[in-house]
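Only one chain is given next, in structure tokens, and it is the form predicted on its own.
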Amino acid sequence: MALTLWASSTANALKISCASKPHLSLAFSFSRCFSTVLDGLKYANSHEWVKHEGSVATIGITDHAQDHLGEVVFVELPEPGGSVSQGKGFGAVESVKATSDINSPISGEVVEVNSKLTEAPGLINKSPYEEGWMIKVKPSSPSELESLMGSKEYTKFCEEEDASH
């Protein structure tokens, strides 16, 4: 893990492009060193992703966010039946480095929470877009999705953000 973090930091500093994670198809992902950005999702500038399917939207934190957080050791999530508002906090992620609020990229009613994260918060590190999803929401204003970034825009956003640090 330390070698991966060192390689990622070094590659970022040298502006070197890296290969994508082997388990993801190149047709469906963009790689930014060791962080993967999936096509077909929407992204907030606070590093959460949304996958809207039918009447439900799945929300989690991005690979970029979990990479910067480090090993996730605790996750605080809302109860089903509650509501979330775009840009407002709905929970927190605690890592070995810091505790960070999680903001909702869209507004709506929480219909499901990933209870696996209570016992295995590391799923966020292992699989941020699949097993590490956080909540499922019934959007109250689906048009909010239009204000979020696509994969190419988010990749550029992350590159610019990292370059400024």
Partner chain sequence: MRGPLKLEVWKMGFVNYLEALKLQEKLVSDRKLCRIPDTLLSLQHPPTYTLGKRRTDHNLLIPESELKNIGAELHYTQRGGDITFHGPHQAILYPIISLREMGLGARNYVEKLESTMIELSSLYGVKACAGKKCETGVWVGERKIGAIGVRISSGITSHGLAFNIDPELEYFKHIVPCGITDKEVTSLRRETSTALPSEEVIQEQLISCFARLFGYNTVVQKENPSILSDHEEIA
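Residue numbers count along the first chain shown, from 1. Computed from a prediction, not measured in an experiment: that's the story for all the values here.
Not on display, but discussed next: the form predicted in complex with the partner chain.
For the candidate set Asn103, Asn114, Thr58, Ser35, a heavy atom within 4.5 Å of the partner chain in the predicted bound form is found for exactly one residue, namely Asn103. Contact with the partner chain in the predicted bound form, defined as a heavy atom within 4.5 Å, is made by none of Ala120, Leu123 and Met134. Between 135-143, 62-70, 35-43, 106-114, the stretch whose residues reach within 4.5 angstroms of the partner chain in the predicted bound form through a non-hydrogen atom is 62-70.
Although the partner is absent here, Thr99 is a contact residue: one of its heavy atoms lies within 4.5 angstroms of the partner chain in the predicted bound form.
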